[in-house]
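Look below for two forms of one protein chain, each set out as structure tokens: first structure 1, then structure 2.
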Structure 1
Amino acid sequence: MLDSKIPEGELSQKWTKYKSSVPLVNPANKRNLEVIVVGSGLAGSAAAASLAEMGYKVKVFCFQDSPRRAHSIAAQGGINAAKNYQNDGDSVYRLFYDTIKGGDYRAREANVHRLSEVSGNIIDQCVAQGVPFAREYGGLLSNRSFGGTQVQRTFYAAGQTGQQLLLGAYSALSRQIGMGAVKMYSRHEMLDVVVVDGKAKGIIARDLVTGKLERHSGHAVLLCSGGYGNVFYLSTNAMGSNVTAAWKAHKRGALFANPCFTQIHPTCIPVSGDHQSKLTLMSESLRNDGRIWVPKLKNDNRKANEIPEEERDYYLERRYPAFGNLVPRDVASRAAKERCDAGYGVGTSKMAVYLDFSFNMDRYGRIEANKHGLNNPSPEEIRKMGKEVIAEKYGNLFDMYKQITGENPYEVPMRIYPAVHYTMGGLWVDYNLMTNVPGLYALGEANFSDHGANRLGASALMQGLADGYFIIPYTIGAYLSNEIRSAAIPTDHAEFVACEDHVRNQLERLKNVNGTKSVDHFHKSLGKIMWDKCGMGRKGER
């Protein structure tokens, strides 16, 4: 029933062959074809800008007041690309292999290979747009390594990589808006997909300022609406990242794949009380220099600094001596939950473990002392110099931690706990990124195809930009080349009217419930059920 449309032939040749044989749409026809893009994150902005540059008419929708604020802006760590600038043996195949292996061999190989083939182009494009990636003193691009890989292939801009990539894509989008090729609808929420004769032909959106429902018609609809992490209520996602767009598409017949694959990130700031509205990620890179531990004694109420070394359990180092604190995300998350459930958790909630930098602060301090030729430095001098090294590496994260918790992580260990972070599952798509509803596409975190059962760090940004800049511009031709003869469906068509009525009735029904509880109340209660029953370490019998 589902045809993934993966091209025939050798894995490494599929995309090249596909590109040279996919049907094209000539420039005159492009001007008559309108594409609706929902979402202005990396996937949406990149797709909208590229399609408009090619000559399509594009409309973009986002619920924020500006497309620059899409949730991609919050990504911290970095973006992978198989550039092999470090000459450490990286290649398209190796990036492909690591990504497939990282996803527990459950991702679609043809899509991942294509992703790794275009990964280098992404970095080229971003640099040309003026994205200020980190550089070495020689002026060339700098790389770091991320969990799950043996090569240095991650490009970054301090701890603000997502921000810089999104501002690059936003600038390309803004250029097209300025030229009139893209019409931007900010503060608009898409509430349904309009399907006419089995094909997606438009959307119903609500103007969030006036509250009015609007009908928008197009020859294709691209959902670039992000993931569904917020079904768990608390997650590292932005408050507005809800799954309405993908869910409504599902209700109109688009199939969902792997909804159970949710990434739980091990290093987030723990919940501090019932008022909590979201959780904040502490970048994975901290595990390079922080050691994770809990007290050996159950329900130990002493402060961290009062617990002597021999009474600390560095459980990751103990259980996984080969990887230590750098075990993959899923292993680290499960182990933290296991320790807390067993009664070894720390902090007032007891639902946290320590991430302690003191050991490495002193190690760096001694190295610095040696560099400066200091003989017999005092422990205070060593600590001071070590702090400076740590501040240089992670200063912004330490500040953020202090701001949120009121504790100074240079003096006391951080408290961390796992949190919902990313959703690998999403709308099912074929090789063209089209769902099973013709004309309805899903790009970026909204689709399911590239990360299997787990996502490696720095691969979601890569996928979002690959889908938007380098894949959809080709694959959309396969569908639109057959649509050049179909005129735009007028928005007074019966299906548009029916769809808008459907949305309005639903909104009215909800408004007229006259209940006594808020929307957040329900979101919180349902999210708690999800976290308790479908969170980490679930068992068959539940």
Structure 2
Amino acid sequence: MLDSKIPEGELSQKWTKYKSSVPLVNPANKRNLEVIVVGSGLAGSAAAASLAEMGYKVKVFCFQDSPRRAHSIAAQGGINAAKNYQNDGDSVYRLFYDTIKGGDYRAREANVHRLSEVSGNIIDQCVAQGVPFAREYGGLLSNRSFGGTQVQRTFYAAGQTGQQLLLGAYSALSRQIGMGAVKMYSRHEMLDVVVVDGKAKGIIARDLVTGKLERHSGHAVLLCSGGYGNVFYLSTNAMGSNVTAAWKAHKRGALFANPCFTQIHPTCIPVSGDHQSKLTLMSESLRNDGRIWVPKLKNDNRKANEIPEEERDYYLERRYPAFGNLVPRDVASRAAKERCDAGYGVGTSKMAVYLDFSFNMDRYGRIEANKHGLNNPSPEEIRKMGKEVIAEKYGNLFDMYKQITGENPYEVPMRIYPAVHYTMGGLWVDYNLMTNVPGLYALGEANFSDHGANRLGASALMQGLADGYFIIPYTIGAYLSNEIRSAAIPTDHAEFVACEDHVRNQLERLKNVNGTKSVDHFHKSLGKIMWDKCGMGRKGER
């Protein structure tokens, strides 16, 4: 039987009451407890820094050469928080409702309400760390809109919000490493979970530089290793985001939940050939000022700027006037695929739609001209001033698009198409973020419980930091308070030896296959099956 351990009482009071009654570990005992953190992105760095600050001994395992290279940096557009700075009617409940609805009602309500409650704390924490959030002229933090909502609640740092938030978490982690409270293992990959008497007591890791297998013991194991989007091969995920940690945990008994729930992002640069191993995300924030359209004529081979306004179909504005270009991600993605499948796609592949900034560039230009008291400015002057406004908001994204495609998006519309981006499915966890394997936790995208899933943007950064900074520091006490008398399991224990032997035998078997095809061949074949049969459009028999 699965026990979600959701506290009793009103939804809005569950987290408050929980914090007041959860078992605690006193400071002296924390020094005797060791926590293993697998993954050093937003969730992992935040959790490791917070737990070390509290007094626990922490080991962190990083797949990359530095936590700064975690895939969290790829989240560009922003992070949600219910601060109602725009005075447009936002609230904790509205963020909770939008996130639940955005997850197609498959997320756990108690977890999501807690996430909404702590969302404002995340912004305060990150501002205190020096994260350079965008600000209004008067110095107040700026907000922008994101798909799936009708309020402005998304805090951002140009088009590199994930990177800036990660640098804040990395700074906190580096401080603890410098103090000796955290031991960092870079270029290490977790290859198995060691379970002793039904509890997670350590991991088998591989040094990716030497190839050596290592045993590491701990009182609890936190998996902060991201999602499984790379099962589709072509996705916005880095190739290093390989879901090994969560999969090995699953093989040791940790259950998966909502594994079919994959977020398809509508705003990606279209694939250009078989040479690609990943796709590039263009932030959803671009849909604030970009208008999405296709030609009204099928198989129209004219260049975008040659197609007059009356022959353009702004299909999202036409179909969904209440949201327009800011419809939820799944709606925008399906609509783009439908238009392309119907013969209205653009570009050489015809598997793309236009994201056009010319209208709002002119609008911003006219606003700026009025500010400067210009009478009858020329179209060139208007476009120049509008370009400066757009560049201030999205400049690094426009530069990235130009480098990849060779096209200048200030002069011609971007071409975009949906791609796999994020996963709602993951390891099942209870209210404490613990899997059904005692002592084994899953945070951030590695778990299933809170994600905005197919629909809502700016949720990923919110959950990763909430889990690491504000939730696991409380909830881990519920388990570790009962582990105080348990000595650390020595790494020469029979279960550690057996687990390492299992990993070594599997590696040897793979190395000795002497096959004729590369790993990428099978990965690519799997990805095509997944995209064709279980991508945006799904039918049971497929």
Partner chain sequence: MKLTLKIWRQENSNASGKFQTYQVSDVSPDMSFLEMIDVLNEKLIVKNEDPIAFDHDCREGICGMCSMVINGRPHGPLKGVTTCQLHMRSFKEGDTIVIEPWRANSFPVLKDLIVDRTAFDRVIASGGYISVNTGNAQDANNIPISKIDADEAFGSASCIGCGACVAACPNGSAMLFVSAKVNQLSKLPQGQPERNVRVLDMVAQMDKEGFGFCSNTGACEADCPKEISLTNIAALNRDYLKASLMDQ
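The term rigid core refers to the most C-alpha atoms you can superpose between the two forms while keeping them within 1.5 Å. Numbers follow structure 1, counted from its first residue as 1. Bear in mind that the values here come from a model prediction, so they are computed numbers and not experimental data.
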Here the form predicted alone is displayed as structure 2
Once everything's superposed on the core, is Tyr228 shifted 2 Å or more at the Cα between structures 1 and 2? no
Relative to the superposed rigid core, does Met179 relocate between structures 1 and 2 - that is, does its Cα move 2 Å or more? no
C-alpha of Glu109: shift of 2 angstroms or more between structures 1 and 2, rigid core aligned? no
Core-fitted comparison between structures 1 and 2 - CA shift at Asn299, Å: 4.0
